[in-house]
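Taking the form predicted alone, here's one chain by itself in structure tokens.
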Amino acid sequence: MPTILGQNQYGKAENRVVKITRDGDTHHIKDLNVSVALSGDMEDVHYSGSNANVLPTDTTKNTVYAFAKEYGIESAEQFGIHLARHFVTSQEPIKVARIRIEEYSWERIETSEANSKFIGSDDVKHSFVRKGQETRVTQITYDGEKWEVISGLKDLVVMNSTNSEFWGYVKDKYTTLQEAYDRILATQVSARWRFSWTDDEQKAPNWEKSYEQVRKHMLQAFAETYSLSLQQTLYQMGSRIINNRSEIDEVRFSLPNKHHFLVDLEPFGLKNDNEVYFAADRPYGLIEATVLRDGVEPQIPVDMTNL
């Protein structure tokens, strides 16, 4: 039976680039992991091995580093937009460029006043500690006309030590879980949000401010929702973002329920009054859902594993 070529793409994955911007004695860091995927007129290289339309993946790697110097890194989104536009407009065979970026955050180390007598604490503006809260991500796709920007974060661990319940659920002969009227609610947030910005005629969002504000509204909704289920909390987090950020049309969450179970201390003659818990890492409940602006069609993939 004859075969034909299906969807295909190629590029250089996980290009680690660190850009230091020196503003006098004050330095700023952008730490990115950039993956480039290109697709277009690539039938010949698959069928006959002709590389006539192939831009080497090594060249895409070099472009990432050169662009960090030429354009700087204002934001992960803007850097990805520069790259995607370049590959599509400079290489005729390339029809679609997809740029995926992870950003690792750093915060400045505050020096002690006692240290100032040696080097001057006000002069130390170049020392940083890697933040461990979450990884920022973005995916930019460009086909020469339309943009799709999906940003987000992963590995953001949050907890409410009270104001959470879970009861009234379906019970059958296999149910052993006891109803809870005061429980710990904890999860490791993986979230993606899609921007309404799709073409160069529109004013682009302030990418850095948007990320900060989306994260703020997400966390505030988590903290301020009296939760009867993680699903309810998820919906409130997404709704808060949509209602407060006009540039966002769609949000998708994947929330593993990081279970905390009360430890039975009665064998030791002790009463556990919601004080001591066992933190279980698996198995875990996995709650996933999309929250949309009314009238908007979903476009974020249901499976965000590789997004």
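Just so it is clear, the structure is predicted and the values come from calculations on it, not from any experiment. In this text, residue numbers run from 1 along the sequence as written.
Beyond the structure shown, there is the form predicted together with a small molecule, which is absent from this document and is the topic of what follows.
Hey, of 136-144, 228-236, 154-162, 101-109, which bit sits against the small molecule in the predicted complex at 4.5 Å between non-hydrogen atoms? Residues of 228-236 come within 4.5 Å of the partner.
Of these, 292, 287, 13, 17, which has a heavy atom no more than 4.5 Å from the small molecule in the predicted complex? The residue from 292, 287, 13, 17 that makes the contact is 287.
Contact assignment for the small molecule in the predicted complex, among 217, 82, 183, 192, heavy atom within 4.5 Å: Comparing distances to the small molecule in the predicted complex, the residue within 4.5 Å is 183.
Partner contact for residue 71 in the predicted complex: the small molecule, 4.5 angstroms, heavy atom: No, residue 71 sits far enough from the small molecule in the predicted complex that none of its heavy atoms falls within 4.5 Å.
Within a 4.5 Å heavy atom cut-off, is residue 177 in contact with the small molecule in the predicted complex? Contact with the small molecule, yes.
Considering only heavy atoms, tell me if residue 59 and the small molecule come within 4.5 Å of each other in the predicted complex. It does not: once the small molecule is placed as it appears in the predicted complex, residue 59 has no heavy atom within 4.5 Å of it.
Does the small molecule get within 4.5 angstroms of any non-hydrogen atom of residue 257 in the predicted complex? Within the cut-off, so yes.
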